[in-house]
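First comes one chain, alone, set out as structure tokens in the form predicted alone.
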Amino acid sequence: MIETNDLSKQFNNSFWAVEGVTLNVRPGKILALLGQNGAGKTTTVRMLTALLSPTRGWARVAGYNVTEHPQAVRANVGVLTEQHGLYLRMTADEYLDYFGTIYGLDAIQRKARADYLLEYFGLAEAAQRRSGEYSKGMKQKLALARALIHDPSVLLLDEPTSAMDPESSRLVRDEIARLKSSQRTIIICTHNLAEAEALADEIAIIYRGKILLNGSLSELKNRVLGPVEYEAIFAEPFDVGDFDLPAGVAIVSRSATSLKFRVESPQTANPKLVHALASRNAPLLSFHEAPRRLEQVYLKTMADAQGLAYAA
């Protein structure tokens, strides 16, 4: 649904805001595009929406080349920018009707879509109020409704839950997940790593206009953080001492009430490992995979890119 090859954008004949971005996002998938401010996320999105022409490379969105068929690209894309761009003197009803007209919906379609979206995002009772009177969260929800008014096959969302309270954020995240299941492809640009981890099928990390990493979260964890780790928790302080570890297992850290292991082949090594602990009468309270978060992957990747030491 979204394909790019060597997608690049140069400004002022010297500064490459985006350089060599190659992505392939399949239908029904969510890609989280992560990076610092100024890393190239917004420029990438603007090229994918045919608002900027690439200096080099190409991109296809919903099957259309962004340079050759910009109008078709825009007709198939819904965009939520970081700056919502609302017309503050319009009511929500007027605003959605206006954009529904731009996208070629007839009056019945515009009314049905607007009513559904306003109800879903909890704005129905405020539909006759000017959006300039809305709170930040309400404005964000109205902007998301606008992005969905024409039921697009591709959504490009820049910080979709910013300025929202936890309940509204959860509502938007649930809606994004539901939209994915209907074979809609979504790119989310976000600084909320927990949100990206919960929603995204694939992660891309961009730094100074270049993609550093791209893949599923499990792939990136293995690539950046190494083999999976497991932790044994004891019910009371216990010194397990030295014992023979199964092949492919190494002790990473230990304390009076825990041991952490790096395990290359959990399916074969873990049963032997638990048996070895039990044979020493270890008061085993739990044995579980140590959590590895997207935050760890992101921070280590950025530290490596900047030549800094990473503190786990």
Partner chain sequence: MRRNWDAIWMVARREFVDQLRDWRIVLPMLTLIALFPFVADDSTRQAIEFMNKYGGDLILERLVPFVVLVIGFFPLSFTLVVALESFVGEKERGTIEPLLSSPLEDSHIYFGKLLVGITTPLLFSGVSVILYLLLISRREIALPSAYILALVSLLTFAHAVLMVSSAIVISVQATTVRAANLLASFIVVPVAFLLQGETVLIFWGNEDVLWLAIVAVTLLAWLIVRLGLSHFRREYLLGREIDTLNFKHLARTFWTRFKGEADGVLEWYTHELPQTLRQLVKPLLIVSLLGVAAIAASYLWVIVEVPEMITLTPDRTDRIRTFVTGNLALLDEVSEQLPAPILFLHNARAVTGIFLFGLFSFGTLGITFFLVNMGLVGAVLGGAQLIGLSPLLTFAAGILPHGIFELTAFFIATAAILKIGAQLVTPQPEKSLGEILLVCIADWFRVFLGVVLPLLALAAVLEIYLTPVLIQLAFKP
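Keep in mind that this is a model prediction, so the values were computed, not measured. Positions refer to the first chain, counted from 1.
This next part talks about the form predicted together with its partner chain, which is not shown.
With respect to its partner chain in the predicted bound form, the three residues L51, L86 and M90 uniformly fall within 4.5 angstroms at the level of their nearest heavy atom. Although the partner is absent here, Q71 sits close enough that one of its heavy atoms falls within 4.5 Å of its partner chain in the predicted bound form. Not displayed here, its partner chain is kept clear of L213 by more than 4.5 Å at the level of heavy atoms in the predicted bound form. By the criterion of a heavy atom within 4.5 Å, I102 is counted among the residues contacting its partner chain in the predicted bound form. In the predicted bound form, its partner chain sits beyond 4.5 Å of every heavy atom of H191. The contact residue chosen from L171, A75, V224, A126 relative to its partner chain in the predicted bound form is A75, the criterion being a non-hydrogen atom within 4.5 angstroms. The listed set K139, R113, R146, R184 contains one residue whose heavy atoms approach its partner chain in the predicted bound form to within 4.5 Å, identified as R146. The partner is not drawn, yet in the predicted bound form one stretch among 26-34, 273-281, 250-258, 43-51 has residues with heavy atoms inside 4.5 Å of its partner chain: 43-51.
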